[in-house]
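There is one chain below, alone, in structure tokens, taken in the form predicted on its own.
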């Protein structure tokens, strides 16, 4: 008998439940390119309010949200800083250089897993030089940091890194695809972890369970320009309320993320008992070294991926505690 696959590849594999599908079917819609979709507008206003910003823009993906932000901030040939293995450096197929025309410069994780220190930011930013030198104008941070294992930095550290960037005259973009998880882990409001950035990208289609969509927040002028850039990239949608309705319902799931973190800790504990080397997960991502690779796990009906030389397991709303115990039993 073939084993049922338990999918721990990512929290992007979540599927909309019956209530979310019903909300999508019943959504009030309009042409968002011509005169705004009312449900899309309601979603954008809610996210902007939650994160403490003037305005917001729905986009189809987090990658598009990030590249729009970089296109707003960078001039051709500007350098930007980001922690090593950040999503904007290695997972967006070079759009930071190709479309935003910026020169990426990785920062060490000397401030802890997934984050640079304030000193590293100051040192890398340097000082203005003559016309023939490279200008560093932007800092990109990621909270939680995916490939460091869903690691979190808190409010005090966020303010310290933000302050270092401002000292050096840098703009700041936060890739907050999973900032909801960071907030749940720390027990703070999401806006506490985004306040002060020039732009922030957040995802609705990971742990929150929407089938598609991210939101970019900023001031009104930048969002007006971002809407134009989204259209240039082919991201303008018509009756987008069908998708935005799912996003509105997904925002009600922020408080449930703590249960995903609990199942991640359960998985990590069980892996250690079975001889794996595992860092204690801060959120819903477990990075592990052990006796089984992703192909061997697949034969056990466990779907995972390999990142930075380790096996990555991601818990999510479609994986229960019973499922995690079943994964461990199969091992």
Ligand SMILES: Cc1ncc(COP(=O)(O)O)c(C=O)c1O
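Since the structure is predicted, the reported quantities are computational estimates derived from the model, not experimental observations. Numbering follows the first chain given and starts at 1.
Quick note: we don't show the form predicted together with this ligand, though the next part is all about it.
Contact with this ligand in the model of the complex, defined as a heavy atom within 4.5 Å, is made by none of 114, 151 and 157.
Contact check for residue 222: every heavy atom lies farther than 4.5 Å from this ligand in the model of the complex.
Residue contact check for residue 168: none of its heavy atoms lie within 4.5 Å of this ligand in the model of the complex.
Among heavy atoms of residue 73, none comes within 4.5 Å of this ligand in the model of the complex. Residue contact check for residue 281: none of its heavy atoms lie within 4.5 Å of this ligand in the model of the complex. With the partner removed from view, the residue among 182, 100, 177, 246 that has a non-hydrogen atom within 4.5 Å of this ligand in the model of the complex turns out to be 177. Note on the partner interface in the model of the complex: the residue among 82, 257, 203, 193 having a heavy atom within 4.5 angstroms of this ligand is 203. Shown alone, this chain has one stretch from 248 to 256, 160 to 168, 230 to 238, 142 to 150 that lies within 4.5 Å of this ligand in the model of the complex by heavy atoms: 142 to 150.
Residues are counted as partner-facing when one of their heavy atoms sits within 4.5 Å of this ligand in the model of the complex; in 71 to 104 these are 87, 92, in sequence order.
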